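Next up: just one chain, as structure tokens, the form predicted on its own.
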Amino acid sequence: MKLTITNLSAHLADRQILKDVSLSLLTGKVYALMGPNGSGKSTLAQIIMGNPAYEIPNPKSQIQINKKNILSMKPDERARQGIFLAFQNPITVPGVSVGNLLKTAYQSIHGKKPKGNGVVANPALSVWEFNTLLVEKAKNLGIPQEFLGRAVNDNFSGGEKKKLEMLQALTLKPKFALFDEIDTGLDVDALQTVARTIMDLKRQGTGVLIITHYQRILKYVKPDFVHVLVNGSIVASGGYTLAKDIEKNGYKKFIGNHSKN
């Protein structure tokens, strides 16, 4: 399965952030999107997920899953198409427990879906089956079981919030998972746990996009492809060696060749 972005330009208020960005993601592959602060990396992830704050002025812009244009879909519709976004700064959701959030989201995405002939496809797991699955996945991430009964991100540390994002991705089993600076603020142990989870997602067939400034997490998750975004444009693409070159030499040569007008 393929997620294809074509000629994507985006404005926020009167400021252009993305300029005719085109790239493709395949399921079962890991991609890294690198670039300096303010280059538009998080904007790209937000637009893929359907944030309505951004204006898409180019009528030729498209975001497709297997040639189906999803650009007009709302975020929940895109989630049901198989897109997941882990936020850079996850918010607290008072009164909603982790377990209830994930159960509701799982049912919405993978639950009973009537077909034209009345046959039900993808039956939802029972409450017991789902809870068993959730506890097992939380344990593998080092998340205590009692955290599943707490409000989402309520008094969670930065590392715990990032692990919770990974738990959501593992549980919801998206076709494409976007991780916006998932490595920020993690110690080495937590970073390795996140990296193992990303590899688990890859093995289960999820296409993964890691958005990051530097190579830290990429030492544990070697991407199949690396793209560099500077001033809203893709300025370089390559393999893991491109990430290593950026770690050594920074973004100077890319910024110099693609300065703002």
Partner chain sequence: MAQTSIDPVGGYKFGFHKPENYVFKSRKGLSPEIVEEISFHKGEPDWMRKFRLEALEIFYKKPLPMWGGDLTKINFDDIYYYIKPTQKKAKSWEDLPKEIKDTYDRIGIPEAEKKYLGGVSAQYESEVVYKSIQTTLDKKGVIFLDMDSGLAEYPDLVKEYFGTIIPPHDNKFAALNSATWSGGSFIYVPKGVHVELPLQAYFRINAANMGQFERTLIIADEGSFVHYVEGCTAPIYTTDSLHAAVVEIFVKKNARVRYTTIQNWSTNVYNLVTKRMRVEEDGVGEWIDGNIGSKLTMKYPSVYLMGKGARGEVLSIAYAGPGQHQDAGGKAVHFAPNTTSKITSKSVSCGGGRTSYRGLIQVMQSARGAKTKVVCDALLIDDASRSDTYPTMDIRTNDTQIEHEATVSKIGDEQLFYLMSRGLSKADAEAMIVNGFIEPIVKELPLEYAVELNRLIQLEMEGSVG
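Since the model is a prediction, treat every value here as computed from it, not as a measurement. Numbering follows the first chain given and starts at 1.
Not pictured, yet referred to below: the form predicted in complex with its partner chain.
At the 4.5 Å threshold, heavy atoms of residue 87 reach its partner chain in the model of the complex. Proximity of residue 28 to its partner chain in the model of the complex falls outside the 4.5 Å heavy atom cutoff. Contact check for residue 165: a non-hydrogen atom falls within 4.5 Å of its partner chain in the model of the complex. By the criterion of a heavy atom within 4.5 Å, residue 157 is excluded from the residues contacting its partner chain in the model of the complex. Segments offered: 140-148, 88-96, 127-135, 185-193. Contacting its partner chain in the model of the complex at heavy atom distances within 4.5 Å is 88-96. Contact check for 46, 79 and 108: all three have a heavy atom within 4.5 Å of its partner chain in the model of the complex. Out of the listed residues 57, 205, 52, 38, 52 is the one that sits within 4.5 Å of its partner chain in the model of the complex by at least one heavy atom.
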